[in-house]
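One chain follows as structure tokens, the form predicted on its own.
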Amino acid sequence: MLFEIRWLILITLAGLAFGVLSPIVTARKMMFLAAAMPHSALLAAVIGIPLSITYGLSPGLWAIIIGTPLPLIIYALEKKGVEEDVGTSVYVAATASLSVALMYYVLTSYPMESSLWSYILGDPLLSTWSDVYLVTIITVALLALLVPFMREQILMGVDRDFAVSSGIHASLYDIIFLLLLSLSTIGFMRTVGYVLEHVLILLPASLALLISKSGRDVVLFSITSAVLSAIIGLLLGISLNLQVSASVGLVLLIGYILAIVWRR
């Protein structure tokens, strides 16, 4: 069985990154907003292809440059008094519509050196060492900026008013988390795909909540379930000739169902 170590590195880093993000998304009740992130990531990836062909650099780097700040639009709308769900809905409508329009433009106007399907479906088996280096940098940045402040991030979801009165700079934490969430969804899109990113953002913490007895356990189980599901899904995909991203999602889903049964 052919096996490349870079596949294991990529899928493990994906599980680690989303395993850290998921409990914060859940605690801060940002599931709808987080589920919108892959839409802007796909838009950024599509824009990055013609820019890469025209001006150089990789499509992934262009996608990060363009797409990472896009979710701040939601933050700006919220500051203007727009409800978060309403602002997110507008954001999804805009990014999804633009993605479809630009995908058609790119497919009909440019020689495709990078397949759009790799962003939609995701496949670590098509990765290069450049992809590994990029997602390693993203994961290190995410861990450095989130893990030491995990309690503050979660506290703002549990009781934002208390967090602010305790001296936490809520706006700064909001912006940092939005940027890191956006950066991660863009950076890992070629690895896990547009579709599976929704699963990896939302399901690890949901699974962890079923079997945890404390906030610390939720974070640890979320990371553990995401990483193990990613590795098992990779091995199953290679062994059974299945699409790796789909295998990861199915393993995580089976784990969630087993956790429900075990809890009952």
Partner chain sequence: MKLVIRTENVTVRLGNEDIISDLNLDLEGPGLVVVIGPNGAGKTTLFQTLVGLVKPHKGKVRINNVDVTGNPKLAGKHIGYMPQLSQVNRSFPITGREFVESSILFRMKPPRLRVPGWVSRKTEEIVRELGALEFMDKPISELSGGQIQRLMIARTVVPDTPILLLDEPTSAIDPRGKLDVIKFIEKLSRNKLVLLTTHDPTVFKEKAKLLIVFWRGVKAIGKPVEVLKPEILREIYGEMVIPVKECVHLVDTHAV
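Numbering follows the first chain given and starts at 1. Here the structure is a predicted model, which means the values were calculated and not measured.
One more form of this protein exists, namely the form predicted together with the partner chain; it is left out here, but the text below deals with it.
Q: Residues 62, 69 and 198 are flagged as a possible site; in the model of the complex, is every one of them within 4.5 Å of the partner chain by some non-hydrogen atom?
A: Checking in the model of the complex: none of 62, 69 and 198 is within 4.5 Å of the partner chain.
Q: Report the stretch among 100-108, 161-169, 77-85, 118-126 that approaches the partner chain in the model of the complex to within 4.5 Å, counting heavy atoms only.
A: Single hit among the candidates: 161-169.
Q: If you check 194, 177, 149, 91 against the partner chain in the model of the complex, which one has a heavy atom within 4.5 Å?
A: That would be 149.
Q: Under a 4.5 angstroms heavy atom criterion, identify the one residue in 27, 238, 232, 33 near the partner chain in the model of the complex.
A: Here the answer is residue option 27.
Q: Is residue 15 part of the interface with the partner chain in the model of the complex - any heavy atom within 4.5 Å?
A: Contact with the partner chain, no.
Q: Within a 4.5 Å heavy atom cut-off, is residue 249 in contact with the partner chain in the model of the complex?
A: Residue 249: no, not in contact with the partner chain in the model of the complex.
Q: When the contact criterion is heavy atoms within 4.5 Å, does residue 218 count as touching the partner chain in the model of the complex?
A: Judged by the heavy-atom cut-off of 4.5 Å, residue 218 is in contact with the partner chain in the model of the complex.
Q: Is there a heavy atom of residue 19 no more than 4.5 Å from a heavy atom of the partner chain in the model of the complex?
A: Residue-level check for residue 19: no, no contact with the partner chain.
Q: Quick one: which residues from 195-217 get a non-hydrogen atom within 4.5 Å of the partner chain in the model of the complex?
A: Result: 209, 212, 213, 214, 215, 216.
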